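Here are two versions of the same chain, shown separately as structure tokens and labelled structure 1 and structure 2.
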Structure 1
């Protein structure tokens, strides 16, 4: 528990630090909020602009503006989205649900493919099966995800015409919504699964070389029991770590996939907000992405504690 407490404090510090960095970076983007405001009124003079700047506190130093923003954000006030003409929070929630669904299904599918594939490959290293799985995984990690998405569109939407090429199926029923999810989930899964397969295989190979595996075999346990009971559980520890570390990559992947498939999720929202000078929305969305990644990391740590008995006893790994 002490271990998790430490990780929680660390994550909070990272989040604060990131909020300051992103706040500063947003200020360096092209355009200026006051310029955008006064462009609506040609009678505005430069004195008026300066007064507006003062009213909105934009003449204050960066650190003070950040503190003010943070104070408001903690109370749930993230400001107004210029592009979507509604409070930032209202714009974020539906996008987050959309992306969460995409990422969740893709992650489950990734693990459902990678765990058996990695175990099978590790069972007979350098066999034909291992080589075939290794080759496919290698192809997977070398393929640009957005291109994969395009190829899926060409095959399933353009040539076969069996699945929609984009959109979220808004307005349609549950079936329609699901049909729109198939290709994005497939693209996101294929983009990440190769790395996981390689990792599961390496972790399994490592545990299969341990003493307790030899003992289990010497006791006359079946190979199946050795693999599933004695090797898989310890091998899951590094895999759980990878899920946590890889959460940011999964989010990045979702952003690309959403852009290619024109889905109204977080990825698309961040992209549009940044390019459309929607400072409030961009800032909140980027921080939410960071927050989610950190939560993903913490959940993976929690999984680690559940898997690793040493951690539960309060020992901190190096």
Structure 2
């Protein structure tokens, strides 16, 4: 409990600092919602604009506006989304559900492919199989997610016409929704699996050279038992750390992929909020992305303790 309390305090400090930084960056962007209202209504006078800025607090210094927003956010009031015409929290929940589904499926598929591929490559280092897996992993690492998403759209949606190019298919039932998920999940999985394959291979090679592996082989254990019982679990320790660190990168990749495929997730939400100067929605969405990254790191630390029982929570590297 002491460890979890300390990590919770660290996370709150990070969120506080990030809220100030993000609020400042958004506030320094050229234009504000009142400028958009002026461009949409030429009959609005300068006195009307000044009165609106006073009502919305835009005439106050940036630090005072941030303190006022923070006080409201602590009570659960994240403000009103001008673009969505509803409370920010109501706009975030469905978008987060879409992004969470996309990220969860992509992460499961990435690990399901990377773990056996890395183990096979480490089992026969420098063989043709190892070189082929390494080449495919290098191609995956070198390919930007947005470019890969565009290629998948051209091949499967434009040329073959077997999958939809974008959207979520919310009104077409479960099967239609799943068809709209295929290309975004494939783009995220192919973009992320290469790095995990290389980490799994490196960790397995290091583990297979340990003394307890030679002892297990000397006792007559089969190669399958050696790999699965004695080598795989300790090799997963650096991989679990990577999952926690890479959680934020996976979220960023999901934002890019969602924008390319026009999915109603967090990526499209943040993109529209920033372009439309919807301060409350953009701030809350970006802070939510920060919170998810912190949660990913905490889960990775807890996973290290489950993988290696010699560790204690207080000894997990911060």
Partner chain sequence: MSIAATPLTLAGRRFLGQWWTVTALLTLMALAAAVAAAPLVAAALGTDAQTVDLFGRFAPPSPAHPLGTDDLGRDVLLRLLEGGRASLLVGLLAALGSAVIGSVVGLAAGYFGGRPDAVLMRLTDGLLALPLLPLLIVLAALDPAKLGLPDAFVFSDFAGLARIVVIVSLFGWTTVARLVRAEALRLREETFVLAARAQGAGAGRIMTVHILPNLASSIIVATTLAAGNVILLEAVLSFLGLGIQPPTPSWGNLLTNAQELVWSAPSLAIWPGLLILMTVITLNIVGDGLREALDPRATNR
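Each form is matched to the other, and the largest set of C-alpha atoms that superpose within 1.5 Å is called the rigid core. Being a predicted model, the structure only gives us computed values, none of them experimental. Positions refer to the first chain, counted from 1.
Peer 1: Of these two copies of the chain, point out the form predicted together with its partner chain.
Peer 2: It is the first structure that is the form predicted together with its partner chain.
Peer 1: Would you say whether residue 262 is displaced between structure 1 and structure 2, judging by a C-alpha shift of 2 Å or more on the superposed rigid core?
Peer 2: Comparing forms between structure 1 and structure 2, the residue 262 CA shifts below 2 Å.
Peer 1: After the core is matched up, is the C-alpha of residue 67 off by 2 Å or more between structure 1 and structure 2?
Peer 2: Superposed on the core, residue 67 moves its C-alpha 2 Å or more between structure 1 and structure 2.
Peer 1: Rigid core aligned, does the Cα position of residue 287 differ by 2 Å or more between structure 1 and structure 2?
Peer 2: The answer is no, as the C-alpha of residue 287 shifts between structure 1 and structure 2 by less than 2 Å after core alignment.
Peer 1: Cα of residue 48: shift between structure 1 and structure 2 in Å, core-fitted?
Peer 2: On core superposition, this C-alpha lies 6.6 Å from its counterpart.
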